[in-house]
Ligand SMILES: Nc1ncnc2c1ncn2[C@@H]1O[C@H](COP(=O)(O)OP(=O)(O)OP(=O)(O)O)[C@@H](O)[C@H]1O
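Okay, here we've got a single chain as structure tokens, the form predicted alone, with questions on binding and movement later.
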Amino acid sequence: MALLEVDKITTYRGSQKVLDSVSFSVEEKKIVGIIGPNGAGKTTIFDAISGFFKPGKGRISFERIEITHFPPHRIAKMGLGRTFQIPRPFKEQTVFENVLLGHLMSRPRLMDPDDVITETNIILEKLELSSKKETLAGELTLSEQRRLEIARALATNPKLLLLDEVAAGLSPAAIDRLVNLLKQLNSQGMTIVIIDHFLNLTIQLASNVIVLDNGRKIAEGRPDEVLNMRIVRDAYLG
């Protein structure tokens, strides 16, 4: 069953068309990659799905409910979490507080406080941030802030997780650990969509890849098929 459906989404920034009638669906419990050169429209499609940017045309449905014009907080409470290409932590809050806020914003107020604290610590351990839990988020390195982005998204207990360039700037060893974490989350039932400019994660994780170029979907299929397509090679190599 399709968890997410994007139907002929077209967006503009001023007079410039950023996305041009883009359509795709994401099946439940799958990992899907969205790739393409700089300026292809990858982050804009995440902005449209998560409610940060309203499309001019088209429809977006999550669990068969149209969310095209829902605000971000309502979409998040439905179970759609995301990270941002440029990390957006609360810089004057500690790492622990950043993740804790994700729980408090998405969970019932009657949830046991001890359970919330326990779950926050579990997420920090998964993202190897336990030793930084009392550090202000603004003092983290870029790679640590990217891991904090994922931790904050996981704290909202998402059914669908949108990851925007989370591997950028990470070492090969850190990427391997991230791959293992995402495989674990997926095996537990989480659906994941990855934007990946350098294909570090896509090749290892995605069962299906969508290729954007100049705001249009130019290809879709298995990673090995898509990366061998002439139209995809031309898009990356100009």
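This is a predicted model, so every value here is computed, not measured. Counting begins at 1, following the sequence as shown.
The same protein also exists as the form predicted in complex with the named molecule; that form is not shown, yet it is the one meant from here on.
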**Message:** Is Val18 part of the interface with the named molecule in the predicted bound form - any heavy atom within 4.5 Å?
**Reply:** yes
**Message:** Can you work out whether Arg13 and the named molecule are in contact in the predicted bound form, taking contact to mean some heavy atom pair no more than 4.5 Å apart?
**Reply:** yes
**Asked** Taking heavy atoms and a 4.5 Å cut-off, does Gln188 contact the named molecule in the predicted bound form?
**Response** no
**Message:** Quick check on Ala40: any heavy atom within 4.5 Å of the named molecule in the predicted bound form?
**Reply:** yes
**Fill in**
In contact with the named molecule in the predicted bound form (heavy atoms, 4.5 Å), from 40 to 48, 201 to 209, 59 to 67, 176 to 184, is stretch 40 to 48
**Message:** Quick check on this chain: which one of Glu97, Glu165, Glu144, Glu119 has a heavy atom within 4.5 Å of the named molecule in the predicted bound form?
**Reply:** Glu165
